[in-house]
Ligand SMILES: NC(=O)c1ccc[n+]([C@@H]2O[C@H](COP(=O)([O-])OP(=O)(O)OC[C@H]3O[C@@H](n4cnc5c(N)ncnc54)[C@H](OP(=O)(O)O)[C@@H]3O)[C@@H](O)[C@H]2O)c1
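There is one chain below, alone, in C-alpha cells, taken in the form predicted on its own.
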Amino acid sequence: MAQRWTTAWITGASTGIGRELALRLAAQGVRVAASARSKAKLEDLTAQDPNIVAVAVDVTNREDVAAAHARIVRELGPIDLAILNAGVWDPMGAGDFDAARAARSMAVNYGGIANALEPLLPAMITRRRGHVALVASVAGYRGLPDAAAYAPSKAAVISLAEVLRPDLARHGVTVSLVNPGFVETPMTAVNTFPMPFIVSADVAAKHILRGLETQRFEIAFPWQTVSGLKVLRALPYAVYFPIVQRWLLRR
C-alpha cells in the first residue's frame, strides 16, 4: 500500500481524523502534505514525523487552495492520494436557523472539496492515475434533527462522489466516499446529546485506510449507525417523519 501511494494531500489535517490519517500514512513512508488553517497545529503535527509537510490553507478560498496544490506538486511531486476532509459541524434547527451559518457550512464542507478538486482532477486525469476520497457523513443520508446546516452540505458531498466515481473511472482515477458516524474529535466535543456507537479518531482512520487500500467506493462506519440510518433512508416520508417527530418530542 505504501508503495502505491507516494504523495498524499490531506485537508482538515490539524485534528481528529485528518491528523490520524496523516500520521498513519507518514509512518508507512508516504509523503504527506497536511493542510488546515491553524499553522500552530500543523507545526505540532509535522514535528511528529519528517514525512509530513505543513501546507496551511483556507479551503473556502479558491485561489489559496490552487496555490497550495501547486506548491505540493512542486515540492513533493504529483499527488497520488487526496483525502478531502476539512469540515465544520454547526448544530442548528428550525428555531435558530441562520442563513450565514448555513452558507458557511456549505462553503467549508462542500465548497472546500470543490475548490480542491478543481486543480486535482485535471492533473490526475492527465496522468491517468490518482485516488480522491471525499469525506461526507452518515448525516448526509437523510435530513436529521439539529443538522439544518450540516446535513445538506454532507448530502451534497455524497451526491458529488456518486457523480464523479463512474466518470473518473474512465480516466483511471478512483473516487471513494467516506461516511463516518460519530467520531471522538474536537468537532463532536460540543455535542450535548447522546452519540451512540462513537469511535475514536484512531479507529476511524483505520477504517478509512482499509477501505482506501481496496479502492472501495463507500467507506462507512460504525456498522450499527450506518445500518440504522440506511434503513431510515429507505423509508417513505409517511413513515420517516412520524419517527423523527416522536424522537424530537422525547427530547
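The model shown is predicted, which means the values in this text are computed figures rather than measured ones. Heads up: residue numbers just count along the shown sequence, starting at 1.
Omitted from view is the form predicted together with the ligand, to which the following refers.
Peer 1: Although the ligand is absent from this view, report whether residue 220 comes within 4.5 Å of it in the predicted bound form, heavy atoms only.
Peer 2: Result no; residue 220 lies far from the ligand in the predicted bound form.
Peer 1: Might residue 131 be said to contact the ligand in the predicted bound form, defining contact as any heavy atom within 4.5 Å?
Peer 2: Close contact is absent here: in the predicted bound form, residue 131 is far from the ligand, nothing within 4.5 Å, heavy atoms only.
Peer 1: Applying a 4.5 Å heavy atom distance criterion, does residue 152 contact the ligand in the predicted bound form?
Peer 2: Contact with the ligand, no.
Peer 1: Quick one: is residue 147 in contact with the ligand in the predicted bound form, heavy atoms, 4.5 Å cut-off?
Peer 2: Answer no; every heavy atom of residue 147 is more than 4.5 Å from the ligand in the predicted bound form.
Peer 1: Identify which of 68, 59, 52, 212 has a heavy atom within 4.5 Å of the ligand in the predicted bound form; exactly one of them does.
Peer 2: Of the listed residues, the single hit is 59.
Peer 1: Within 4.5 Å, heavy atoms only, one stretch in 164 to 172, 119 to 127, 83 to 91, 68 to 76 touches the ligand in the predicted bound form. Which?
Peer 2: One stretch meets the cut-off, namely 83 to 91.
Peer 1: Under the 4.5 Å heavy atom criterion, name the residues of 161 to 193 that approach the ligand in the predicted bound form, in sequence order.
Peer 2: Contacts from 161 to 193: 180, 181, 182, 183, 185, 186, 187, 188.
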